[in-house]
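This document opens with one chain alone, in structure tokens, the form predicted on its own.
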Amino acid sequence: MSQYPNFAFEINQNEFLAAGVREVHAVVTLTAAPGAGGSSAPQAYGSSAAGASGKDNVEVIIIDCSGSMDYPRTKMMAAKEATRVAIDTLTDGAYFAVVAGTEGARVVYPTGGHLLRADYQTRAQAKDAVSRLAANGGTAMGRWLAQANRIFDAHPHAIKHAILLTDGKDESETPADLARAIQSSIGNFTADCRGIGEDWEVGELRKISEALLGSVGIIREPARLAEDFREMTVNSMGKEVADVALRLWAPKGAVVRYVKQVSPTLADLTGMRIPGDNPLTGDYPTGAWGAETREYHICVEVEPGNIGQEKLAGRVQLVAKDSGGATLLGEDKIRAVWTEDEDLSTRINGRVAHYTGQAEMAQAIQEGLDAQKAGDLDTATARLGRAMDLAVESGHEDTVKMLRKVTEVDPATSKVRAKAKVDKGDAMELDVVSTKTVRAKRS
């Protein structure tokens, strides 16, 4: 019998609403402990890839081999070394592949048409193949994703993860080509994306990583890439259950305004809804899980009730989906109570307020950077100043430090204003971290 991580399920909200108010907000906090019979901390060379859930792990490492990876050569050298480190970090028995991405997508290892499990021999063979990689060609990330899809399709019930590294923009295909490839990949595998150098687009990689429930990161110093690949592989190998969804029931006449992951990173799941067995229920994918905590902000609009009336505004379940159906891992309710007591109805739940601020901060940073890039310093100053206020309020110390690199203090007013000229890498790094959140403190 399959075993899954043990989930703690908690809903934070202020259920009290003033007369006529329709929107109900709640933050769902999910904490998974290692499942019985397995640990989420993998050990390379000797531990089994089939963990407590009885699932196989499949890892695909996609390396940009376009011509620009040789300028400077340290990028390609770092990519090869990082890939070798990731291969060594795989647990014994994990299936894996290495793909060289250019205007096409070539499977570098294995070359026999089917995946092999990680062991001493296959690791050595794969690292030898990686050492022969050369930079030459264009960039078509949609074709890279399509190749990963084909590889993963042979292992439908595995825990499937990809690492995608690039140094440039998606210039060898159309934006529509990339969008179709992303759409085809949703639900098949998760992906963490990394950009090396400063000639790639944060927004482009964010579209991929958000849709595929992963992260985006910038590698400004090639020497840091190997450790980053090691950490991503450790995290991937630690997953115990492949396909987990938030299942949300909302009453007839209600509208689900949004379902967003708000910790550890921001990601909007609203458009990923998969209809359930009835029109009132839908599943929102959350990907694979190991021992970790994530939080989700749900907003449901309901028909207002009478004063003193209580309604069920939503029922939230966490389900593990596999070939046998769905296993319930936890559940709780979102309530709504209408009241004339202003003290009750005007209280904002601390966690809801915290993550509402974090989402506003991310939007302010991205809008501010866009305005700064366009030369609109008034808008940039307003938006980055608001982001600074929110970052300070929420204890987002790393973001405060990065905001200081793209702003300065006006000596006349002591207020933050956007710099006319900023280091491109500093702006990209701030953009990348804008969607990383700080967890709300317990009250």
Partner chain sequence: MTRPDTALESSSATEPDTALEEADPAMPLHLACPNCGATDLVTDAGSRFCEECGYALAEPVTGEEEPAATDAPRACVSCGGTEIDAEGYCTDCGDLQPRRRDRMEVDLRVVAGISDRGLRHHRNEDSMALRPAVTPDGRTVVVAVVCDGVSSSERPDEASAAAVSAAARLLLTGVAGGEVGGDVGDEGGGGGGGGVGGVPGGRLGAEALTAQAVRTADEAVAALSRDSDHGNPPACTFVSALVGAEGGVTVGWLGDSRAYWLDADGGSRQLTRDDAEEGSHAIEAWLGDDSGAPEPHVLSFDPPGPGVVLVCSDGLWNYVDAASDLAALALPQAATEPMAAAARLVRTALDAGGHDNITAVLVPYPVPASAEPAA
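Positions refer to the first chain, counted from 1. Since the model is a prediction, treat every value here as computed from it, not as a measurement.
FYI, the form predicted in complex with its partner chain isn't displayed, but the following is about it.
Please check if residue 249 has a heavy atom lying within 4.5 Å of any heavy atom of its partner chain in the predicted complex.
Answer yes; at least one heavy atom of residue 249 falls within 4.5 Å of its partner chain in the predicted complex.
Quick one: is residue 310 in contact with its partner chain in the predicted complex, heavy atoms, 4.5 Å cut-off?
Contact check for residue 310: yes, within 4.5 Å of its partner chain in the predicted complex.
Test of understanding: in the predicted complex, would residue 335 fall inside 4.5 Å of its partner chain by heavy atoms?
Within the cut-off, so yes.
Is residue 107 a contact residue for its partner chain in the predicted complex, using a 4.5 Å heavy atom cut-off?
Flag for residue 107 set to no.
Tell me, out of 146, 280, 77, 353, which residue has a non-hydrogen atom within 4.5 angstroms of its partner chain in the predicted complex.
That would be 280.
Pick from 315, 207, 230, 257: which has a non-hydrogen atom within 4.5 Å of its partner chain in the predicted complex?
The residue from 315, 207, 230, 257 that makes the contact is 315.
So which stretch, 230-238, 301-309, 186-194, 78-86, is the one near its partner chain in the predicted complex (non-hydrogen atoms, 4.5 Å)?
Flagged stretch: 301-309.
Scan 355-379 and write down, in order along the chain, each residue with a heavy atom lying within 4.5 Å of its partner chain in the predicted complex.
The stretch 355-379, when checked against its partner chain in the predicted complex, contributes no residue at the 4.5 Å heavy-atom cut-off.
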